[in-house]
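Alright, here's a single protein chain in two forms, structure 1 and structure 2, each given by itself as structure tokens.
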Structure 1
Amino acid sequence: MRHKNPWVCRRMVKEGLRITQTRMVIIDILTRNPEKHFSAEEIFLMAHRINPGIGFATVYRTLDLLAQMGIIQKMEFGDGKARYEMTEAMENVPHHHHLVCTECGKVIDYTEFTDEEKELLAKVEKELSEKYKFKIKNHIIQFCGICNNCGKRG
């Protein structure tokens, strides 16, 4: 099988996982859209366009697998379906946080961190890690509120 994302494939091989067509299609979709927040269904539909044989169950299985490996991050924005995006650990993925509109569900990414923010976050992670003997792998930061559009209307 052709290896589209060498870094991910190497990790899979290292863990004894097989590089399958379906997995590559899904990884490719996620890799090409680092700034999107796809639901399982959206990923299924895109994968289906590339290879109509792909099943829904396998999409879920693959997403779980990748999340478990720390390659993608599973998150919920409150609309009932989980969403997935590449973690910052992946190349080409700028680290970012989210603004979530509780009115319309819109999600804004923001990547503008000050050095101060980055340092503090790192420090906090380190402290928590030690205090609670907790191995921190990543974090989810969401600011919830009302977006520009909804603010005008409401």
Structure 2
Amino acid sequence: MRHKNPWVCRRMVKEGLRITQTRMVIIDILTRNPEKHFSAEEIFLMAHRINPGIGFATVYRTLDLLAQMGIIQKMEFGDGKARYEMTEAMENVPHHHHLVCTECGKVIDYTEFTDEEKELLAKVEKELSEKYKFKIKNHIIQFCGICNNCGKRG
């Protein structure tokens, strides 16, 4: 099966996995919506519209497999639901952090870093790495608070 995400296909072949329609439907959903952070249920509903034969358990197992492989990232934002997005290893997915509204659950990708922010993060990574003798490969940062819309209401 030829696919528009060659990085994903190469990764699956390298891991000895088949490139199935279900896997590619899920990758397409997440690739087409990089600003979204979908739950398994939301992904299932979209995938089911594309292919009515896809079951929820299959979608959930596929999400788990893709997350274990590092193709997608599974995140928790405090609402009791796992959310998924493409990893930064994918083309056109910039490194980013998240701003999470604790009132409405809105998640904002923070991608535009100032030079000062980049320097601060590099310093923190370096100090943590030295302090704990730990080779840091990546980091995930999320800030929790109240979005502008919710702040206006209360």
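Since the model is a prediction, treat every value here as computed from it, not as a measurement. Numbers follow structure 1, counted from its first residue as 1. Superpose the two forms; the largest set of C-alphas matching within 1.5 Å is the rigid core.
S.K.: Which number belongs to the form predicted alone, 1 or 2?
M.R.: Number 2 is right.
S.K.: Of 71, 39, 140, 23, which marks the hinge as one rigid part swings against the other between structure 1 and structure 2?
M.R.: Only one option sits at the hinge, namely 140.
S.K.: Rounded to the nearest whole degree, how much does the smaller rigid part turn between structure 1 and structure 2?
M.R.: Angle reported for the domain motion between structure 1 and structure 2: 22 degrees.
S.K.: By how many angstrom is the Cα of residue 115 displaced between structure 1 and structure 2 when the rigid core is overlaid?
M.R.: Between its two positions, the C-alpha of residue 115 lies 3.9 Å apart after core fitting.
S.K.: Given the rigid core as reference frame, how large is the C-alpha shift of residue 135 between structure 1 and structure 2? Answer in angstrom.
M.R.: C-alpha displacement of residue 135 between structure 1 and structure 2: 5.6 Å.
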